[in-house]
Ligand SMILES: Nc1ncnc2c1ncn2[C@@H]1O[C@H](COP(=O)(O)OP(=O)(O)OP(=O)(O)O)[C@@H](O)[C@H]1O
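Take a look at this single chain, the form predicted alone, given in structure tokens.
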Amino acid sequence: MELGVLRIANVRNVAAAEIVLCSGVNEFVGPNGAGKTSLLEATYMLSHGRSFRSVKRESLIRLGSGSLDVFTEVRRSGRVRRLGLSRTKSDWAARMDGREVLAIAELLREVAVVCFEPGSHALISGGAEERRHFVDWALFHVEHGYVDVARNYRRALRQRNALLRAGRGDAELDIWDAELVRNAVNLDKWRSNYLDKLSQLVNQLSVNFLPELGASSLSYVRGWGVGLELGEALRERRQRDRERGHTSAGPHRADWRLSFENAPEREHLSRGQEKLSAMICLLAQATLYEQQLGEWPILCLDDLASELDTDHQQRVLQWLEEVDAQVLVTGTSALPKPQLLRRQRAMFHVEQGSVVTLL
């Protein structure tokens, strides 16, 4: 999978840019605040429908503009698709090959972007929602029934919560409990299986990136008590849920954690080790995507030099040398010349929201 031309309008401080990407490593170089990260955000939006920054969606739109636009041509499996994504202050709009797409998920399925950026350590140190998104994004691409099951689960959860707040009787709650459980079974199974596969790759990468921490393991917390079926857990907690007005058990409460032999608790990790742990998880996710779908996702690395020390930068670059993924990387200076000599390279200078091709 690779992007060809990338056209951007009114994304943060980038008024307009048209970039012809190469299939290998694309470097975006320039001073801080120039707009480099905005280019990666635009790419990420095509895959996730949001920015990787924790900000209001409206702030993605350039000040003084009513909307933003991102256009690309994505090449995969011998075909080219033209994709367009627009955002006003109230909603998204999407187009594929010139036709309007009513469900944005149809467009997001066409592009896969895995991104390491300054906030990626939240995958390890942040709340469970970020870790659920990490897994569910992968399931969206590899499990054909995921969209419908996830949508049905969210609908059942909303209905159950509304009944709880309204103080409705057991008979009505029983109906939505059954619907909740029916969809939860698949979500739970898919997440568990995915993390089992990912764990093997994380452990392999840990040997290279964090050998001092020993063997790694991923543990999955499904969102309700061990040894209980979800239906039982919902019945046991029904009175408590009524008092609180929300459902306290189910896949919407799921989580996972990464631990190491020599750092069993998250608090044992330094901030640098949290960043490396997040990097390991993201590279493992990209690798598993390739194993499951037969093509690499696009890899974005934002401000790599400031996020990792020189030794670990070199290890990341060595890893990139061995894979066939298209890479977009930003920095205040170019990557070391001896690295990535076997990969096709393109370089762009970014300053004050303008992009100029250098190489």
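All of these numbers come straight from a predicted model, not from anything done at the bench. All residue numbers refer to positions in the sequence shown, first residue = 1.
What follows is about the form predicted together with this ligand, which we do not show.
Interface residue among Ala34, Ala325, Ala42, Cys300, judged by heavy atoms within 4.5 Å of this ligand in the predicted complex: Ala34. Each of Asn13, Arg53 and Ser59 comes within 4.5 Å of this ligand in the predicted complex, counting any heavy atom. Residues placing heavy atoms within 4.5 Å of this ligand in the predicted complex fall in a single listed stretch, namely 60 to 68, out of 43 to 51, 289 to 297, 60 to 68, 311 to 319. Taking the partner from elsewhere, Ser38 is found to have a heavy atom lying within 4.5 Å of this ligand in the predicted complex.
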